[in-house]
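There is one chain below, alone, in structure tokens, taken in the form predicted alone.
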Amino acid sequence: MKVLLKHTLLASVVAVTTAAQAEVNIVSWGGAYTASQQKAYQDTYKDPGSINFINYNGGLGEVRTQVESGNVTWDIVDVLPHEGRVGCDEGLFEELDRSRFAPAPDGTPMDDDIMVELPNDCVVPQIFWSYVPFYKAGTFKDAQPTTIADFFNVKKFPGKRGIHTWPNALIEMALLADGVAVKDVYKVMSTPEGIDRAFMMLDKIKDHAVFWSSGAKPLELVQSGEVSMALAYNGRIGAAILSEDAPFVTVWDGQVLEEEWLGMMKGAPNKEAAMDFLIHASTTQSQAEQAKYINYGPMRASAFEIIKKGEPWFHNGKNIMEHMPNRPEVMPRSVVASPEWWADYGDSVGERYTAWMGQ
């Protein structure tokens, strides 16, 4: 009897330990974005209880610390494109067997189904989000803003402008507003004259600028009338429109798109389970599912076919396609941000922008 009890207790300990080890820790940004991942990926996964989401503030600092110390507790990390590239180059993320990922319904391999070039073998696709101008319906009496140039035209569209406290997207938008073609933006930005040209455009709204650093702030500024137009994250605007019937109007012309990827930590404690979840989270169906809960655009082109056929697709019965930042009709006048350019020039441009804000 004692031997049987001993073996029973030992088996219980092993079972608990194995269950704890099998839990996959996924690090993401929190808020509505992580909630959409939980609903689209975790709730549809074969073992939802094995998935644990953790919030973080971005960057590779903690990733490096864990990998270099050999004490890795995270399995999967949601990263911006620059971090995905640097992390792979530095050996902070695992290189993934691309043959294991699910093709599109028509058989297209996942890596050929992504709407941007795959940066390396360490990442799998997530979403596009964007910086985009918007205003409240009724703000302007006659002509309505429709282009990025209108955002910089305070004579035709009077009022203050809400802009963020870092230069990303603003430099690209300023040049687009000044007539630079989408395909030439980063070529122009790579010259001193191009940066001067961007700041000359920014000077047009300097005396009208209200700066924000929190994602919720531009919506408050526009809603209260403190500013007549603002730049914001497209997901914030879309959530307000879709979930709260906010009277906001998005100006898609000249938006700047950013990418989001998932990577597996080097030395992930639950490597095989993490890989299984990455395969699930990157399928065409899963990417379409996320659009039921947030208006960030899927990276896999095939997901759009599912969304379009299922409209109204949003969870409350509203159409989501018109709020997708990378839908085909808006892409010709959209800039996909270059992480390589910002890695090379971001520090110097950031210093100049900080000085500009203080002038």
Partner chain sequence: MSTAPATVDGPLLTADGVPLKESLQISLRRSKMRALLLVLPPLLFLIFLFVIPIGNMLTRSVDDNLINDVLPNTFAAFETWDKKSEPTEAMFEAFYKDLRDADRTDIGKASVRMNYANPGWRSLIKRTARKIDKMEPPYKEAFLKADDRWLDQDFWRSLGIMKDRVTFGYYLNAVDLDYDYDKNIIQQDEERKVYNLLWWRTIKVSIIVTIACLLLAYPVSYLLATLPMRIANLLMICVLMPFWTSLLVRIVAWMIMLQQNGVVNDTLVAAGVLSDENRLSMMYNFNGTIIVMTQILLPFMILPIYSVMKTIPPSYMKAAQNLGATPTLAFIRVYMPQTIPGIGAGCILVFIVAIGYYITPELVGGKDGRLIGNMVAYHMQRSLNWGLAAAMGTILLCVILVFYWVYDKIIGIDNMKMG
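Since the model is a prediction, treat every value here as computed from it, not as a measurement. Residue numbers count along the first chain shown, from 1.
One more form of this protein exists, namely the form predicted together with the partner chain; it is left out here, but the text below deals with it.
> Just one of 141-149, 88-96, 256-264, 235-243 has residues with a heavy atom within 4.5 Å of the partner chain in the predicted bound form, so point it out.
Heavy atoms within 4.5 Å of the partner chain in the predicted bound form occur in 88-96.
> Which listed residue (P158, G215, P109, G225) meets the criterion of a heavy atom within 4.5 Å of the partner chain in the predicted bound form?
Here the answer is residue option G225.
> How about E68 - does it come within 4.5 Å of the partner chain in the predicted bound form, if we only consider non-hydrogen atoms?
E68: yes, in contact with the partner chain in the predicted bound form.
> With heavy atoms only and a cut-off of 4.5 Å, decide whether T73 touches the partner chain in the predicted bound form.
No, T73 is distant from the partner.
> Given that the partner chain is not shown alongside this chain, does G59 nevertheless sit within 4.5 Å of it in the predicted bound form, heavy atom to heavy atom?
Contact with the partner chain, yes.
> If you check in the predicted bound form, is T165 within 4.5 Å of the partner chain, heavy atoms only?
The answer is yes: T165 has a heavy atom within 4.5 Å of the partner chain.
> So in the predicted bound form, are A32, D43 and D276 all sitting within 4.5 Å of the partner chain, heavy atoms only?
Per the other structure, none of A32, D43 and D276 touch the partner chain.
> Does any residue in 331-357 get within 4.5 Å of the partner chain in the predicted bound form, counting heavy atoms only, and if so which ones?
Those in contact are E340, A343, D344, Y345, D347, S348, E351, R352, T354, A355, M357.
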